[in-house]
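Only one chain is given next, in structure tokens, and it is the form predicted alone.
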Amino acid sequence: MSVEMWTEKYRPRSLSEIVNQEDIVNRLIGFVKAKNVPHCLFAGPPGTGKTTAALCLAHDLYGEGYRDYIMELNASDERGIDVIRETVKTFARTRPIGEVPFKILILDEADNMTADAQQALRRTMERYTETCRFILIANFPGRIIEPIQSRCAPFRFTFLSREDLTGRLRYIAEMEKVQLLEDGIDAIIEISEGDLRKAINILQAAASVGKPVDKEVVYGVVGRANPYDVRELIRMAMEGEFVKAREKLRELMLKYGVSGSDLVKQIHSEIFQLEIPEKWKIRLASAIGETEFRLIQGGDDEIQLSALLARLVEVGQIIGKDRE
């Protein structure tokens, strides 16, 4: 198996290879044809192709030597005002050689920039528009000041569809000669929640085990419990089998190495699938939130989750009496 990270190895190189973002791709292709790009703000959840789209735009605009015309900065690491005044300004003020009269500066995770740095960037974008165009990438665009947002053309990326995720995972598995089973795909998609980068990383981690990639392997490498086991845990508690439920809890934590916080999140997801009155779903959601808060504050995983199981037992008993 290749030691190269698959997320980079199988990254699209051209705008025409990007899927599930048709409206965005069509607008960017229009910029390439006109050889003119405005300042852009790429916003949306992680793993949906924002950075890839920026690199593909540069590739299609400048050709194979596009790396000579762009600069990538990750604002979560280099987010101070000095970087904007020195590094960014130095790059932005020089005109490139070639038929495209401007360079592109890609500022990843721009929503992590300090307020002072954003104010400095605002002026730089305005002053050096002729020689440099900025592509700001953010998961939370609301953290970017309004004057910068108003200078940019907005692009809103959405989560990839199940079909697109499945197709890409199958393609990578075929190229890497990995046996990817159907339930393995389902598990990866459930865990990744539309984040393609996360899905590919999970696939690579699961493939490194050297076994066919099924749901057990996937849950094992990511440290999450099988949803079936979580549902069984809830069923035992709701039916009053507290001791058995607690034993199941300890088994899950030892078998999968899952943390208390992750297990609470899975229980939270499963609670809303239960066939119980809505008022009890509300109360259980409140109890789960309290448990997660206590875990974040440093509470012991096993003790807090056992207390949550006790609440499930109590609710199950009350619902049973109401039905009688």
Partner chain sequence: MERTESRNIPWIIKYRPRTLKEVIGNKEGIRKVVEWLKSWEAGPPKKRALLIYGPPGVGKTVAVEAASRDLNLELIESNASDYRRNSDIKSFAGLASQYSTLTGRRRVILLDEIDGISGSIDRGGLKAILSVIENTRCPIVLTANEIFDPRFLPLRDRCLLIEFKRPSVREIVSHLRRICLLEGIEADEQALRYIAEKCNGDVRSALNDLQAAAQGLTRLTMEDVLWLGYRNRKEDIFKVLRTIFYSKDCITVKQAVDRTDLDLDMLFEWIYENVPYHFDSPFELSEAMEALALADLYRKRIGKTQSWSLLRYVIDLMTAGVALSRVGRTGRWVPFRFPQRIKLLSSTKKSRELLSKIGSRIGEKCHVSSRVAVRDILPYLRVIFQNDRKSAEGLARWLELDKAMVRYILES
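If you're wondering where the values come from, they're calculated on a predicted model, not measured in any experiment. Numbering follows the first chain given and starts at 1. Rigid core: the largest C-alpha set superposing within 1.5 Å between the two forms.
Not pictured, yet referred to below: the form predicted in complex with its partner chain.
- Proximity of residue 273 to its partner chain in the predicted bound form falls outside the 4.5 Å heavy atom cutoff.
- Contact annotation for residue 211: none of its heavy atoms lies within 4.5 Å of its partner chain in the predicted bound form.
- When its partner chain is considered in the predicted bound form, residue 67 lines it closely, a heavy atom lying within 4.5 Å.
- Taking the partner from elsewhere, residue 242 is found to have a heavy atom lying within 4.5 Å of its partner chain in the predicted bound form.
- The candidate site formed by 162, 190 and 264 is entirely out of contact with its partner chain in the predicted bound form, as no residue has a non-hydrogen atom within 4.5 angstroms of it.
- Of the candidate stretches 128-136, 215-223, 151-159, 115-123, only 215-223 contains residues with a heavy atom within 4.5 Å of its partner chain in the predicted bound form.
- Checked against its partner chain in the predicted bound form, the residues 231, 85, 198, 168 give one hit for a heavy atom within 4.5 Å, which is 198.
- With contact defined as any non-hydrogen atom lying within 4.5 angstroms of its partner chain in the predicted bound form, the contacting residues in 233-262 are 242, 243, 246, 250, 254, 255, 256, 257, 259, 261, 262, given in sequence order.
- In the core-superposed comparison between the shown form and the other one, the C-alpha atom of residue 256 has shifted by at least 2 angstroms.
- For residue 209, a C-alpha deviation below 2 angstroms is recorded between the shown form and the other one after rigid-core alignment.
- Relative to the superposed core, residue 241 undergoes a Cα shift of 2 Å or more between the shown form and the other one.
- The distance between the CA atoms of residue 219 and residue 298 is at least 3 Å longer in the predicted bound form than in the form shown here.
- Compared with the form shown here, the Cα atoms of residue 262 and residue 46 move at least 3 Å closer together in the predicted bound form.
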